[in-house]
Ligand code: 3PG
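Below you will find one chain, with nothing else, as structure tokens; this is the form predicted on its own, and questions on how it binds or moves follow later.
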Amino acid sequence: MKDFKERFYEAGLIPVIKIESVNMADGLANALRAGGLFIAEITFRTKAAPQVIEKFASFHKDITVGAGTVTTKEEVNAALSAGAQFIVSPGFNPSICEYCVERGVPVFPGVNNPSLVEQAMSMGLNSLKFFPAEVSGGVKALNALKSVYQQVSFIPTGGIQEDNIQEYLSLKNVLACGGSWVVSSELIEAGKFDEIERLIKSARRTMMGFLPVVSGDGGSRESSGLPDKVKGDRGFIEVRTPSLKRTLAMLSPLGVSVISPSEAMRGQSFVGTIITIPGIETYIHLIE
């Protein structure tokens, strides 16, 4: 089974959700699924949070559900009783972290300075929420922390939008980003799940950074430099991505297969490959 570090990395974006009514849970879960996200952080900023978590845990088991904005042990207990699989707190609360660690519950406390990072590390925690990201120095701050705490990964949250998420995800010490813009409470309350799905898909396109380069049939493939193994009736498209490793991880839930020996290397770096995805009758040539 994948650990949470792998799940977060594959998702790239963790939707931070404030939801007022459990009646909206099914529509929200369906929108997340249709958009390609299978993770949800339900914040304890509404009374409905435990019910919503229970709904996800019981009826949408393909979506990993966790509890966010957890600030007391009582909320930890309520979240776990409802079926939450992980806990996120806005700040570093030693008593909550100890409580979760003792129970073997994955916990991701919020930090924004070296002292808090080291306190979390002293408890064996090395995947941390960086909050509030933008007002705490954003990308520059995370870059500075990277050189000192090479074993720590961060989940920046707060001020993340589609126009800056790729800047964060390009950092090697960023595990994923937390964001609420794709699942705003206004859209949820209005039942605008089609718009939530659209925003998620748009964000995922931005995260993958796909830029069409060339597409065509067998004739154009002759001069493409692709291996003979992929020549035939199946079409192909070549696309660029800023991070081949992350894109492959994000596509893995779709059953992506790498066509060997198409892997391209530049020195020790993996910079290109050809893949197939079930249900898509096209070869995809990914290049970094």
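Computed from a predicted model, the values in this text were never measured in an experiment. One rule holds for the numbers: they count along the sequence shown, beginning at 1.
Below: the form predicted in complex with this ligand, not depicted.
Asker: Please determine whether Phe86 contacts this ligand in the predicted bound form, using a 4.5 Å cut-off between heavy atoms.
Answerer: Phe86: no contact with this ligand in the predicted bound form.
Asker: Can Asn112 be called a contact residue for this ligand in the predicted bound form at 4.5 Å between heavy atoms?
Answerer: Output for Asn112 is no: heavy atoms all beyond 4.5 Å of this ligand.
Asker: Spell out, yes or no, whether the shortest heavy atom distance between Asn173 and this ligand in the predicted bound form is within 4.5 Å.
Answerer: No - in the predicted bound form, heavy atoms of Asn173 and this ligand never come within 4.5 Å of each other.
Asker: Considering non-hydrogen atoms and a 4.5 Å limit, does this ligand approach Phe92 in the predicted bound form?
Answerer: Judged by the heavy-atom cut-off of 4.5 Å, Phe92 is well away from this ligand in the predicted bound form.
Asker: If contact means a heavy atom within 4.5 Å, which one of 75-83, 145-153, 123-131, 94-102 is the stretch that engages this ligand in the predicted bound form?
Answerer: It is the stretch 123-131.
Asker: Here the chain is shown alone; which of Ile19, Ile274, Ala11, Val16 has a heavy atom within 4.5 Å of this ligand in the predicted bound form?
Answerer: Result of the distance check: Val16.
Asker: In the predicted bound form, which of the listed residues (Arg33, Lys61, Lys245, Arg45) lies with a heavy atom within 4.5 Å of this ligand?
Answerer: None of the others qualify; the residue that does is Arg45.
Asker: Heavy atoms within 4.5 Å of this ligand in the predicted bound form is the criterion; list the residues of 139-159 that meet it.
Answerer: In sequence order, Thr157, Gly158, Gly159 come within 4.5 Å of the partner.
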